[in-house]
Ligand SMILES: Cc1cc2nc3c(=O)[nH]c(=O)nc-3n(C[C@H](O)[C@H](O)[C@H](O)COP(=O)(O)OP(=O)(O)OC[C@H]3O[C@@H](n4cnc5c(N)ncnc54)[C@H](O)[C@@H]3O)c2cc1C
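One chain follows as structure tokens, the form predicted alone.
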């Protein structure tokens, strides 16, 4: 059976794909979303911590906010702790399953047709055709095809090399007593998983999501996660309620975002922060950027205007991503002694106040610039690493 033709067909009903689809439907285009899962948002594959900019780049009803986050406890390997805080919420802990469903429902309310259990088997980027596997529908055609189908994107693999990825693991735990400050998260560094890190994100005073991402096997990262539970006083004796496993794509400056009638968005486009592995803020911003380019291409009947999208993406994000990739490489080179020395020097230099003032979950370059200006990084890092960072602004 053939499905009717659309102006735009989006592969993937994740938050970025649903948001893009809604934008296009609101502009008056006929849009379809094709999702391989039977249920949107399940299983949970995210820490669910989003920076405050979420409210600037997408709609976020209060009902999906579990906790506002005002600060963090940053722990060194030997537990030298930096405490950073903001007067206003710096981030939000979300019900990601509920939020993903809400964004898809919002797209449907705007006129988007959503088809679940439709797995793409073949992509014809030149003619705008998608072929499906194990569904009643065998084919769909659209003027523009959008790959928002995650880290292992079929759409991306049709014209990019296979992606490199981090492994991620997360537990939902209950510690049985009030131990957590709900509006503060815990972040832990460990050279065994660098440039990744571990986190404890409270949901209540007794429950939390604890997890990590790293360039390591699933067996290795779960071993480190189990060790964290045994070692940390705030987690000792925790009962594991649920276990989650995910994959985070590595940021790839060489990835093509447009090919013929196909564009990529979100994890499929490797639109993730190298320092944290997060990507929703960037993904939502790119959904808006891409909607302008796709609208222009459709209205003018000139598909070449799709190339406006990667150009604007580069203008908006490439410099920041270059900075974060450099930070990523530096952390990967440090051992636990280096990390411990860095934390102690940061504490001595009063960096807690500086991080509290200039720190931002989604844009790290202002904080790095300020630490460079004050000479703090020079006192912490080997001169070679300092010169590498400084060169970014020469």
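Owing to the predicted nature of the structure, the values given are computational and were not obtained by experimental measurement. Residue numbers count along the first chain shown, from 1.
Absent from the display: the form predicted in complex with the ligand. The rest refers to it.
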- [ ] Run the contact test on 17, 150 and 246 with a 4.5 Å heavy atom cut-off to the ligand in the predicted complex and return yes or no.
- [x] yes
Task: residue 317: touches the ligand in the predicted complex, heavy atom cutoff 4.5 angstroms - done: no
Open item on the list: Taking the ligand as it sits in the predicted complex, is residue 278 in contact with it (heavy atom to heavy atom, 4.5 Å or less)?
Closed with: yes
TODO: Determine whether any heavy atom of residue 52 comes within 4.5 Å of a heavy atom of the ligand in the predicted complex, and answer yes or no.
DONE: no
Open item on the list: Under a 4.5 Å heavy atom criterion, is residue 351 part of the interface with the ligand in the predicted complex?
Closed with: no
Task: Proximity to the ligand in the predicted complex (heavy atom, within 4.5 Å), stretch among 22-30, 57-65, 341-349, 43-51 - done: 43-51
Open item on the list: Please identify the residue among 101, 232, 118, 182 with any heavy atom within 4.5 Å of the ligand in the predicted complex.
Closed with: 118
TODO: Work out which of 255, 261, 96, 186 lies within 4.5 Å of the ligand in the predicted complex, going by heavy atoms.
DONE: 96
Task: Members of 199-228 lying within 4.5 angstroms of the ligand, judged by heavy atom, in the predicted complex - done: 199
